[in-house]
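Just the one chain here, the form predicted on its own, laid out as C-alpha cells.
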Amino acid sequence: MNSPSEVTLYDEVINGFEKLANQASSDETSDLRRIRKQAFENFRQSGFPTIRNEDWKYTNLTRFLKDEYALNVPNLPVPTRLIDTARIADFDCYTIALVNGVWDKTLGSTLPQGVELLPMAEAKQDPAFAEWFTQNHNDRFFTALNTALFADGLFIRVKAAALPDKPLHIIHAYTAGTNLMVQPRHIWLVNERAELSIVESIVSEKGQTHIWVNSLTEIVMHRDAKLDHTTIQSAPANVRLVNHTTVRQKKQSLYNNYTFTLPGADLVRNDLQARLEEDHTETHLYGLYLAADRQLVDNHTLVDHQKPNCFSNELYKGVLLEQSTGVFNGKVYVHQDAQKTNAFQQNNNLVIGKKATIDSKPELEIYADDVKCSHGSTVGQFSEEALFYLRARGIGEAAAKALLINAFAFDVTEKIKHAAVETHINRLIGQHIPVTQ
C-alpha cells in the first residue's frame, strides 16, 4: 500500500474521514455509520492501489496522487453553458442534472410516471431504503473510499411494470475553484417487469484545478426487468474519473451497457461488474474508447455467471492516438452451477500513435462443463491495403484514416438504441478525427 508520507491524497482522505466521524450527523442510521467506519478501515489498510495489485498492474496512479484535494463539496453555481454542452440534439428525454454529485432540480425537467427519484442525502434517511445503505461488500481501494465518504448522489426506483415513455438523460457536471475530490453514490432499483433507458453524460469545465470523481453505482434488476444504460465520458484533461458499477440481475432480466470514452480526462478507470444471480438472465456490454495525448483509459469488466441458462456478450473497441495508454481487462467467470452458459467476449484495438500502447487481457474462468464460451483480443494499425484503396480513389490520407476509424467504431456505435444518441456519439468522435500521426 502507499504510505501517508508517499501520497499527499492519503493524508487528505484520512483527515477527511475523521472530520466526518466527529460530526456524527444525526441524519444517518447507526448501521450506516458502522458501515462507513468499516469501509474506512478497509481503505486505511489497503491505501490507494499500486501496480503491485493485480487489477492495477497496468495503471500506475503515482502521478495522479501527488496533488492535494478538498473533500468537502462546495455549493457552486454551474454555468448553464456547461449543462448545454451535454445536451443531445433531437433527443426526446427527461433531463436530470447533478452538480458535483448533487441533484440540482432547477436544471432539469419533469419526471416520468412510475419512476421515483431522490437525492441520496434524503434516501439514506428513509428507513424504507435502509437495506441498500447497510450492505458491506468488504471492498478495498476506491469503492471502500466511496462508502466511507459519500455524501450525495441519485437514488432511482422504477415501480413494478412501469414503462416510462422517454429515457432519462442524467448530466453529471463538475466544477470547482480548487482541487476537489467528489464521491457520488448512486443506487438504481428496477423492479419486476419494469423497463428503463438511462443515458449518462459526464462534463466539466477546462481549468488548472483538478477534479477527481470517484463514483459508485449499484444497480439491482428484478425479475423480467430491462435496463439500457449508456455512459458518455467527455470531460476535459483536468478531470480524473474512477467509476465502479455493479449490476445484480435476477431471473430473466436484461441489461445492456454502452460505455463511450472520448479524448479528454487524463485518467479514466471504469470497473463494470455484472452478476447474473439467477437463471435465464442476459447481459450485453459494449465499449468504445478513443484516447489521445497522454490520456490513460482503463476498462475492467467482470461478467459473473452464477446460474444456468444465461447469456452474455461483450465487445470493446479502442483507438489509441498520440501518447495515450489503453488497458482492457475483461473476465468471464462461470460457476459450477452455471450450466448451459453462453458467454462471448472480444476486445479489438487500433494503435495509431507511434508512442501509444495497449494492454489487453481477456479472461475466461470456467467451472461448468456444458457451456459455450469464447474470448479474443486483437491489436493492429491501419490496414495498408484499405488505405491504398481509398487513396487510389482520390481520398486524402487524413480523410481516409477518418473513414477507417469510423468503420472500426461502427460495430459498437450501431448498437445504440436511440438514433439521436448515436448521431451525438459519432459527432464527438468526428471532433477528434481526421488525425495525422
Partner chain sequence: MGNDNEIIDNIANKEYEFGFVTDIEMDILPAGLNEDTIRYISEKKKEPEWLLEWRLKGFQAFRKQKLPEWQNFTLPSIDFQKISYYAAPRNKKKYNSLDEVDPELLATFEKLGIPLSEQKALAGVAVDAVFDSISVATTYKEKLKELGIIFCSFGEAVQEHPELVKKYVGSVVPYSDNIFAALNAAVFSDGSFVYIPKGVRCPMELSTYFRINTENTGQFERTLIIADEGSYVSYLEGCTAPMRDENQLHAAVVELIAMGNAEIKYSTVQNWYPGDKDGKGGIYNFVTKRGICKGDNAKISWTQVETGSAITWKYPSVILQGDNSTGEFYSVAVTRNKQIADTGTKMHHIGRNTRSRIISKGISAGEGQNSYRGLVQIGPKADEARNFTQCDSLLIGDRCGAHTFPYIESKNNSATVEHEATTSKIGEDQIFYLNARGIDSEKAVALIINGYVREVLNQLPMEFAVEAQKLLSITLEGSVG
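Bear in mind that the values here come from a model prediction, so they are computed numbers and not experimental data. Positions refer to the first chain, counted from 1.
The same protein has a further form, the form predicted together with the partner chain, not shown here; the description that follows concerns it.
- The partner chain is not drawn, but in the predicted complex it has a heavy atom within 4.5 Å of Gln339.
- Taking non-hydrogen atoms only, Arg275 never approaches the partner chain to within 4.5 angstroms in the predicted complex.
- Residue contact check for Lys37: none of its heavy atoms lie within 4.5 Å of the partner chain in the predicted complex.
- Contact check for Arg223: no non-hydrogen atom falls within 4.5 Å of the partner chain in the predicted complex.
- The candidate spot formed by Pro112, Ala144 and Gly153 is out of contact with the partner chain in the predicted complex: none of the three has a heavy atom within 4.5 Å.
- This chain lacks the partner; the member of Asp165, Glu363, Asp293, Asp90 within 4.5 angstroms of the partner chain in the predicted complex by a non-hydrogen atom is Glu363.
- When you look in the predicted complex, the only residue of Thr378, Thr29, Gln45, Asn60 with a non-hydrogen atom within 4.5 Å of the partner chain is Thr378.
- Contact annotation: the partner chain lies within 4.5 Å of heavy atoms from the stretch 331-339 in the predicted complex, the single such stretch among 331-339, 285-293, 210-218, 245-253.
- Although the partner chain is not shown here, in the predicted complex the stretch 352-376 places heavy atoms of Ile352, Gly353, Lys354, Ala356, Thr357, Ile358, Asp359, Ser360, Lys361, Pro362, Glu363, Leu364, Glu365, Ile366, Tyr367, Ala368, Asp369, Asp370, Val371, Lys372, Cys373, Ser374, His375, Gly376 within 4.5 Å of it, in sequence order.
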